[in-house]
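As a starting point, one isolated chain is supplied in structure tokens, in the form predicted alone.
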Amino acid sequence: MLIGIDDTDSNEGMCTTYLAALLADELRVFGTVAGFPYLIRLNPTISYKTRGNAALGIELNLFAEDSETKEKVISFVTEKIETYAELSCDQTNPGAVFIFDEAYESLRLPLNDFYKKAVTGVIEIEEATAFLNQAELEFPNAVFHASMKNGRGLIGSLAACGAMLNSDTDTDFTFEYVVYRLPSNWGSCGGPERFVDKESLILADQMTTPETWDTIDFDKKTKPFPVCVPSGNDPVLFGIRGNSAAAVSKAAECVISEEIEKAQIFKTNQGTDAHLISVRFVSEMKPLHSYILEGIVHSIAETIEGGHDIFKLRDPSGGILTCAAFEPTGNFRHIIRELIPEDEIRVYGSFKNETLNLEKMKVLKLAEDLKSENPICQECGKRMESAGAGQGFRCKKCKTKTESKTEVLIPRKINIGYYEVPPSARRHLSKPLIRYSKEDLKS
């Protein structure tokens, strides 16, 4: 059976991954957990998300498939959600979906489509409940759901089931090793600050790069920042992301920290760019979606209040797009400031409030940056002076003359190639350049 859960946390505490880790342990009384639980990040632009907009999925091979066992599993999971969900938070609206194997093949493609739409687009609660109602009619003994409050968590729960049933053999998945604090140490319980030794994190990064990433942000050169350690009240102590379960496990073994309650490896769509849609024209773009678009720089970057950098991009049809590198992207903004009109670039990011929030960029072709200077005397090599309005230029020493200024090529401070925001500003879904192959970097 597949179990999808979502929306149990809040901005103040809890973490749906913690509940999934608990269930992965405790559901073993009913059966064996197949592989790793799934951690699925959904559309990052959705405004009603709590923090990381993640849904969780578990595939359980039941010891017995009778109706009584099914009911016990559903009751067990529902009770755990009621116990741990942050129900006092207005934005917390838990949901859980249960799909048994007799419905797998019939629901595989529609659930896979639902998953992809939840990652790239916008799904309302009504669409999720309509999907479930129809599925429950067709498979009355194989599809069930439970929800609390407005049930928005049903969207992510269905998406998690779709990810687990994904039949695309070329689908990109990564892994995360998540470590949890003792409950008495949670911030919401008045516990102490997290203790994770930064030097051990740096060692973990050095030992496993490029198979792991975003453990440390070295972009902050004066003080490397541990990206993998959160700062809120939730149960997570740290999380290591990587290409394989072996890589994240090796990194985690290097880390020195406070005593932990448990650890769990998740299979995930993080770091895959699964949220991005390729388009040719600005007119194709819709709010609350994420895109890849090629175009020509239309205006140089302007730094606005708050330290954000904004510039205009022109698509092949003449459509204009506002692109932004916001203040938290740090040194990435310096690259943006080096762009000039007629540079050809490809941008990646989320489209919201008529602006593309840049996640990374590739410079495809650099325009020539020219400036006009007084000409050089061909006789003595010194720069000429103006001979007066409309009278050209002259060399006082050699008496030579010329009519106009000289165009001089200014060396560019950026090169053709990819540029990305630092790890501390990266979205969960955004694919870091460290994961790109040599062929990817050429494309």
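The first residue of the sequence shown is number 1, and the count goes up from there. Since the model is a prediction, treat every value here as computed from it, not as a measurement.
Just so you know, the form predicted together with a small molecule exists too; it's not on screen, but the next bit is about it.
**Q** Only one of Gly187, Gly121, Pro224, Pro110 comes within 4.5 Å of the small molecule in the predicted complex by heavy atoms, so just point that one out.
**A** For this set of options, the contacting one is Gly121.
**Q** Among the candidate stretches 113-121, 202-210, 347-355, 252-260, which one is within 4.5 Å of the small molecule in the predicted complex when only heavy atoms are counted?
**A** Looking at the other structure, the answer is 113-121.
**Q** In the predicted complex, does Val178 have a heavy atom within 4.5 Å of the small molecule?
**A** Looking in the predicted complex, residue contacts with the small molecule do not include Val178, since no heavy atom lies within 4.5 Å.
**Q** Please check if Val97 has a heavy atom lying within 4.5 Å of any heavy atom of the small molecule in the predicted complex.
**A** No, Val97 sits far enough from the small molecule in the predicted complex that none of its heavy atoms falls within 4.5 Å.
**Q** Under a 4.5 Å heavy atom criterion, is Gly156 part of the interface with the small molecule in the predicted complex?
**A** Within the cut-off, so yes.
**Q** I'd like to know if Gly52 sits close to the small molecule in the predicted complex, meaning any non-hydrogen atom pair within 4.5 angstroms.
**A** Yes, Gly52 sits close enough to the small molecule in the predicted complex that at least one of its heavy atoms falls within 4.5 Å.
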